[in-house]
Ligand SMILES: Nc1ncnc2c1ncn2[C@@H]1O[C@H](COP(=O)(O)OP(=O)(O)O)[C@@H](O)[C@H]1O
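Shown next as structure tokens: one chain only, the form predicted alone.
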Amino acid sequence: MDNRPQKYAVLNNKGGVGKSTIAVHIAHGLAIKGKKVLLIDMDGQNDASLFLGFTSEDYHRSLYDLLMGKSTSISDCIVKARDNLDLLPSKYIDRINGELYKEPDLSSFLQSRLSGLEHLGYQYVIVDCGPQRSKVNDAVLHFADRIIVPVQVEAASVRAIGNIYEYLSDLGLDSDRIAMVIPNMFDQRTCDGKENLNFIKEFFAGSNIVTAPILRRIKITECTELGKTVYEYDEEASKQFENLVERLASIDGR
């Protein structure tokens, strides 16, 4: 049996699509099901950490120390976030990005710097990426086994869907790495929302990677502002993420 963790990058080149919300809730949902999960926060705004209730005052070492060759181990940088869910927080993502321009080959950079990861017993590693092309995201896409793409169900976000394929092509990576496309913040009351959702389904027709949409809910926004997940805040809202978690677990058969 392969004991290596399944590594997922949660990525969209456009900001404001709810990427960190998706990453946090998939990670916590898997943890609640008894899976051992590591969430890596690689977004410069640190939203994934904040949504779980952690600020930079809660940790002294971070991903920066690991990637920049400081004398530290992965275990020293990991924060216990919830039962079965650990967080690898980040600082100074811009500095990391600048340093990666000096690297001649990023295809194995993260695999090398996080080489102790496979010995820590994680079944899933979820990486919350920043919302733009960057050297950091280049490295993550080489590192990840699969990609989860949240797409806000509004015109500007929908029109940008093709950018992810262009990005993967530029890196020489196969678009088959895209495991799920998640229509997010869907307002089912509006004609625009329905039209944009139909466009997403048509764009990916025949691929079976588009999930059921995540509806726009004030409870989801409220809980992240409090450093909680919907699993801890609103049972009804959490059911939407349950569908994503079940689908993810079925992909890997774990």
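Residues carry their position along the shown sequence, with the first being 1. Only a predicted model underlies this, so the values are computations on that prediction, with no experimental measurement involved.
One more form of this protein, predicted in complex with this ligand, exists but is not displayed; see below.
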property	result
In the model of the complex, segment of 34-42, 55-63, 187-195, 209-217 with a heavy atom within 4.5 Å of this ligand	209-217
This ligand in the model of the complex: contacted by all of 15, 19 and 51, heavy atom 4.5 Å	yes
Any non-hydrogen atom of residue 46 within 4.5 angstroms of this ligand in the model of the complex	no
